[in-house]
Every structure is written in structure tokens, then in C-alpha cells.
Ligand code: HEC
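Just the one chain here, the form predicted alone, laid out as C-alpha cells.
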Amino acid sequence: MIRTSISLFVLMLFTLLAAPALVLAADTVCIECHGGQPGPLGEPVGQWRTSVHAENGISCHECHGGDPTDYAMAMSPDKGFIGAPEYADVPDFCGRCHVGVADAYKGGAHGQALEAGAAQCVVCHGNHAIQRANLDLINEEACSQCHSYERAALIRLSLVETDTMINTTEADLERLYRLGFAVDEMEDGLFNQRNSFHRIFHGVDVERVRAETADVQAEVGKISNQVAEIDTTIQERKLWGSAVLGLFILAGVIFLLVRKAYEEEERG
């Protein structure tokens, strides 16, 4: 009876721990249907599987609507299916989730020239094989499809230092977390600054990027200073620990010498 109860408990625990992974791995009817089709109807599935959306469990219906559990209603407007947006509607389509980025885009040169065919989200990020946002997306090959690369290069240059600061600080916070320090508040602050940083370059204005990047650097710098203070505390603890250990060793050596001298005196 006890063994059966333990087995059931272990099975329940495994199920609970595995649940998130099972949810992410579970195919919707959209994926099951399109995944077996050739050509353009099936290609989005393979592309999506490599994307940051798939990595975070965001599937077809969360962008395109519809019922992901029912073949008959998967593409029903009654279930909220909206399909693929028109070219000029893409920023609003993506902006349902990426609100701050969409606002920055709309206020920038690309957004203001959208009706004339300027670049929108999928031109730079792709539509299904969307990768995690990074500075590699700003490159001569991509930007030169529409215009010269000079302004984009200046924007990228302004962003590199900030991107490095954010990544370095993120690694430092992970290190402190592994050491047992409470870093939740600092992580939340860095998360907010990373989001602000990602919004900056969607306005594609060099001077504005430089100014706003400086603001982000200042805030990330404050978090870096907190990390430095904790590192100083760690070093001080190590020094005090080494000093205490040294004193214990010295006390042990003195004790042994005194004991040896006492024993020799007793024998004499």
C-alpha cells in the first residue's frame, strides 16, 4: 500500500513538472494539418518550429485566431479567425502583443511611410521563422534592400555598447542568483530596460537613438553598480573568511607547539 502511494505520488509529481513541456510540445490542429502539406501551405510549420514564438509556446491561433482544438472550426471567423493581414496592417497585427515596439515604429520613418510601401515588421523579422531580437538583424544586406546602409550603420553603432552592457549585466545577475543572492528586483529593472532598448531603434532616428540609448545605459549602469556592491561584499567576506581560517590554522599550530613543548618538559 505504501509502495503504491509513493508510486502514485511520483507519477503525479512527474506529470506536474512535465506539464509545461507537454503543453508547448502539443501540436494544434493547425500544425497537424499544415505540417503534412507540401509547398507554401506546409512551409510555415517548419519555419515556426525554429522561431522564438515556438520557443515560448506561442502558436498559430495566437496570431491568426481560430480554434486550435477543432478541425471544423479552426478557420472559422466565429472563433476569431482573422487569417493573414494585409501589408499595411502588419504593424497593428504584431502590435497586439508588441505594443511598445509598434508605437515606436509608427512614430518613426518606416511607420510614417508605411502606406508608400516602407518596411514593416515581417520585412526585417520574417513572418514565421521569427528569431530572438538582436543587433544582427541590422545589417547591410537586409537594410540595402530598400535604401543605403549609412544611417542604419550609425544606429547599430549607437546600440552596440548598450547591448553589451545589458548582456553583461544579465550574466552577472545569473551568477549572483546561482550564489544565492536575491536579484528579482534587479532582474525586473533590467527586463524593463531591455524592452525600452528594443523599442528605441524601431524609430530609425539616429539622434533620438543616441539620446534614448544614453538613458538606458544610465539605468543599466545603476543595476551594474548594485552588482559591483554585492561583488565587493563577496570579496570582503572571502577576505574575512580567509583571515578567520588563517587564525584557526595559526591557533592550531600554536596549540601543537605548546603541547609538544609540554610533553617534552614532562618527559624531561
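In this text, the rigid core denotes the largest set of C-alpha atoms whose superposition between the two forms falls within 1.5 Å. From a predicted model like this one, the values you see are computed outputs, not experimental measurements. In this text, residue numbers run from 1 along the sequence as written.
Same protein, other form: the form predicted together with the ligand, not shown, and the subject of what follows.
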Q) So which of Ala171, Leu179, Cys97, Ala182 gets a non-hydrogen atom within 4.5 Å of the ligand in the predicted bound form? A) Cys97
Q. Exactly one of Val52, Ala214, Ala243, Ala228 has a non-hydrogen atom within 4.5 Å of the ligand in the predicted bound form; which residue is it?
A. Val52
Q) Would Thr164 sit within 4.5 Å of the ligand in the predicted bound form, counting heavy atoms only? A) no
Q) Within a 4.5 Å heavy atom cut-off, is Ser59 in contact with the ligand in the predicted bound form? A) yes
Q) Does the 4.5 Å heavy atom contact test between Gln120 and the ligand in the predicted bound form come out positive? A) yes
Q | Partner proximity in the predicted bound form: Thr233 to the ligand, non-hydrogen atom cutoff 4.5 Å | A | no
Q) Taking the ligand in the predicted bound form, which residues of 153-170 have any heavy atom within 4.5 Å of it? A) Ile155
(Q) Would Gln193 count as moving between this form and the one not shown, using a Cα shift of 2 angstroms or more after superposing the core as the test? (A) yes
(Q) Please determine whether the C-alpha atom of Val209 is displaced by 2 Å or more between this form and the one not shown following superposition on the rigid core. (A) no
